[in-house]
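Before any questions on binding or motion, here is one chain by itself as structure tokens, the form predicted alone.
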Amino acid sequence: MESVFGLVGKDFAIVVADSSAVHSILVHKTNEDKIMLLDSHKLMGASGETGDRAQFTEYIQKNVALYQFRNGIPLTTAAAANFTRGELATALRKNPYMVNIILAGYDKDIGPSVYFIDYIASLHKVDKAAFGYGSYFALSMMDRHYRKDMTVEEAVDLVDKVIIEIRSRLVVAPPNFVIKIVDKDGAREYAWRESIKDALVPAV
């Protein structure tokens, strides 16, 4: 029951993801971070098969870093999104990745942006996006309350409304969410919304 969503605000972008690692009917952990920092000003939130998600996002992260290392300048958010889409399109004809991505970034001359990239390599620049079962509620809540000129506080308030809706409406709702933000000061973790914590197992 994965839920990943994101939106663009006045001078920032925000990405939110549940933190449940699930296989079949089992929850393995509830603190899995599904939002990867691609570089200092880019975030990649991903949903999909656990192995594909982990392998593909790390592959993109390392290639974005390699480009900056070779050329001395970072990829723009649009360039990173198009590179990601190209890799998914190539894999689609060989060994497809079952992974959906919300890529958010901040560029000095352009400002914040969010890109929607799905497992069949569709790419769209959007103001708001969502994947997973939680998207049914995230998209409707954002359609109702989203504004392009939202402040960080207003966006986080909307995020909290979406999380409450997901927790109350989904049959098997993820308990914990991580919120990350990117703006002119860089990409960073903003907060966690936790209703349960993984129990620490004492060493024997």
Partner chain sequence: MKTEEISIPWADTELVSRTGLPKLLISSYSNESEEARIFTFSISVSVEMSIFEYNGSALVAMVGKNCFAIASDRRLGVQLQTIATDFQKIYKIHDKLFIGLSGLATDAQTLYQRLVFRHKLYQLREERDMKPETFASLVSAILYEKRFGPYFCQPVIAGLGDEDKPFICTMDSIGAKELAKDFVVAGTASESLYGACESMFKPDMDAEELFETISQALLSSVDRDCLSGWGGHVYVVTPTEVTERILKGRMD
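Positions refer to the first chain, counted from 1. Small disclaimer: the values here were computed from a predicted structure and weren't measured.
Just so it is clear, the following notes concern the form predicted together with its partner chain, a form of the same protein that is not shown.
This chain is displayed alone, yet in the predicted complex one of Leu170, Ile164, Leu139, Val152 has a heavy atom within 4.5 Å of its partner chain; that residue is Leu139. The stretch from 154 to 162, 131 to 139, 170 to 178, 38 to 46 that comes within 4.5 Å of its partner chain in the predicted complex, counting heavy atoms only, is 131 to 139.
Under a 4.5 angstroms non-hydrogen atom cutoff, its partner chain in the predicted complex lacks Thr76 among its neighbouring residues. The closest heavy atom approach of Arg93 to its partner chain in the predicted complex falls within 4.5 Å.
Interface membership of Ile110, defined by any non-hydrogen atom within 4.5 Å of its partner chain in the predicted complex, is ruled out. None of the heavy atoms of Glu87 is located within 4.5 Å of its partner chain in the predicted complex. Residues of 90 to 123 placing a heavy atom within 4.5 Å of its partner chain in the predicted complex, in sequence order: Leu92, Arg93, Phe116, Asp118, Tyr119, Ile120, Ala121, Ser122, Leu123.
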